[in-house]
Ligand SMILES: Cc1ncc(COP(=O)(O)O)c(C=O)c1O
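Just the one chain here, laid out as structure tokens, in the form predicted on its own.
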Amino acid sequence: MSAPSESTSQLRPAHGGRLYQAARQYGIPQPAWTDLSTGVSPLGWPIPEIPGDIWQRLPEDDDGLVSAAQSYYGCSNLLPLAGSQQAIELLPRILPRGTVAIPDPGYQEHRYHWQQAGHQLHLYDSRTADPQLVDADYLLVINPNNPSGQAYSRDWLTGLLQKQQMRGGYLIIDEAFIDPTPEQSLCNLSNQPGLIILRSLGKFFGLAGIRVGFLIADDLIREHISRQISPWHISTPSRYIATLALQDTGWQQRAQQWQKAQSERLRSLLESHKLATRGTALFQSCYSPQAVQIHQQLARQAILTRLLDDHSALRFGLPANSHQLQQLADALEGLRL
């Protein structure tokens, strides 16, 4: 575990999905690329025609979004936000300064915003270390972890929650990638004190562009967050789309099956090329000392992957179809390492 961080000068993290930048850098037109860099499902929920009056109305809280989310997540104490990213930005500001345990590797926006808000950071290795051993006011777990792919069982997380409750702290769980395996979620325990859960429609539903997510927490925390946001922080079209997607149980079941099967195909392909993998239903990560070279060689063949900030691994999102999977197979065959 590292020492607490005292600096607030950390640079804003980079993210996947920078397709236009890659197109310019490698001189390959954007439509020619296969973008595997984001972890967002390439087969998103099919958006229907949006009624014209939706574009003419300001957002309203009683439009059905909250009730649809309560049914989908199986809990009532939630707050719609402009993606789980908005919760990631605001939580460190409204919670009293203290010590926070952050997984590393992990989604870097967490580390950035807790650091910027002046909390003391302790980093634990999300691939090997046990967060049970970390003593902190706020214990963050990304389940499953992005990008390491580490997943934690409900029983084990419940033990973590009890530990945090005993010390009067919080367990914060980022469940952005958990939708393909909803049985692993702690949403049905959301009435427990000391538990905060972040959910997103971006990854599983393939709707990153509508910027809708949810904070699941006690009344006091939701009230504090509500005071920090605009009354119209989620657009009316986004609320309309999110409500319908959350209600579409048939599509959700089909998506879970497809994502799991496609992720297994991806894992098998990568391992057949001697790339050790660890991942989720929405991505596979490959740790390799040659990660930079692999990333660059694939990019020259118009396949964009996510190179981790420390250059220790590549994250591969799901190919959209058999054609993209074959493109990746051909590119891997051509690697010169």
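The numbering used is simple: start at 1 and walk along the sequence shown. Here the structure is a predicted model, which means the values were calculated and not measured.
In what follows, reference is made to the form predicted together with the named molecule, a form of this protein that is not presented.
Of the candidates Ile88, Leu95, Leu79, Leu171, Ile88 is the one whose heavy atoms come within 4.5 Å of the named molecule in the predicted complex; the others do not.
Gly83 is the sole member of Gly206, Gly83, Pro131, Gly194 with a non-hydrogen atom within 4.5 Å of the named molecule in the predicted complex. Between 198-206, 112-120, 229-237, 152-160, the stretch whose residues reach within 4.5 angstroms of the named molecule in the predicted complex through a non-hydrogen atom is 198-206. Taking the partner from the other structure, the named molecule in the predicted complex has no heavy atom within 4.5 Å of any heavy atom of Leu139. When contacts are judged by a 4.5 Å heavy atom cut-off, Tyr107 counts as touching the named molecule in the predicted complex. When the named molecule is considered in the predicted complex, Ile178 lies well away from it, no heavy atom lying within 4.5 Å.
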